[in-house]
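Take a look at this one chain, the form predicted alone, written out in structure tokens.
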């Protein structure tokens, strides 16, 4: 996993966000085991206690499940993962719209920009 920890924001919050992104992107598929705390912490270059805090938060949100002898696994609840993906996408869309409005763009201009920037659609066979 490629970690990007920056100054100015709590590290555990950044870990939560990046782990959520990995979950919705399928880097850790539903039901799969995630690496142990110490391994993730070493990979991210953070204190294991900080990583533990982030993982516990994801457990509290129902995205991870801790099993005493098997470590942590990603929830097999597709609805929870779809809801997370939707929340993340909505937040990105809201930020994009806020930035476009700060540039003075109006709805029709934003729509045109999106149409111009969209990748070509693939026909399904």
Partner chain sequence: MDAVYEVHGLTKRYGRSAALNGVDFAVMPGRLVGLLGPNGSGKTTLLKISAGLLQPTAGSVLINQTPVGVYTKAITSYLPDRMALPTEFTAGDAVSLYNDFFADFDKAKALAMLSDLGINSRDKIDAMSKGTQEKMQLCLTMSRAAKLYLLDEPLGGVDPAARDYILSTILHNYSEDAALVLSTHLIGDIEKVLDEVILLQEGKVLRQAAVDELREETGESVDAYFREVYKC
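Just so you know, these numbers come straight off a predicted model, no measurement behind them. Numbering follows the first chain given and starts at 1.
Just so it is clear, the following notes concern the form predicted together with its partner chain, a form of the same protein that is not shown.
Proximity to its partner chain in the predicted complex holds for all of 7, 42 and 53, with the criterion being a heavy atom within 4.5 Å. For the options 85, 61, 33, 38, the one in contact with its partner chain in the predicted complex, meaning a heavy atom within 4.5 Å, is 38. Heavy atoms within 4.5 Å of its partner chain in the predicted complex are found in exactly one of 89 to 97, 24 to 32, 42 to 50, 70 to 78, that being 42 to 50.
Among heavy atoms of residue 14, some come within 4.5 Å of its partner chain in the predicted complex.
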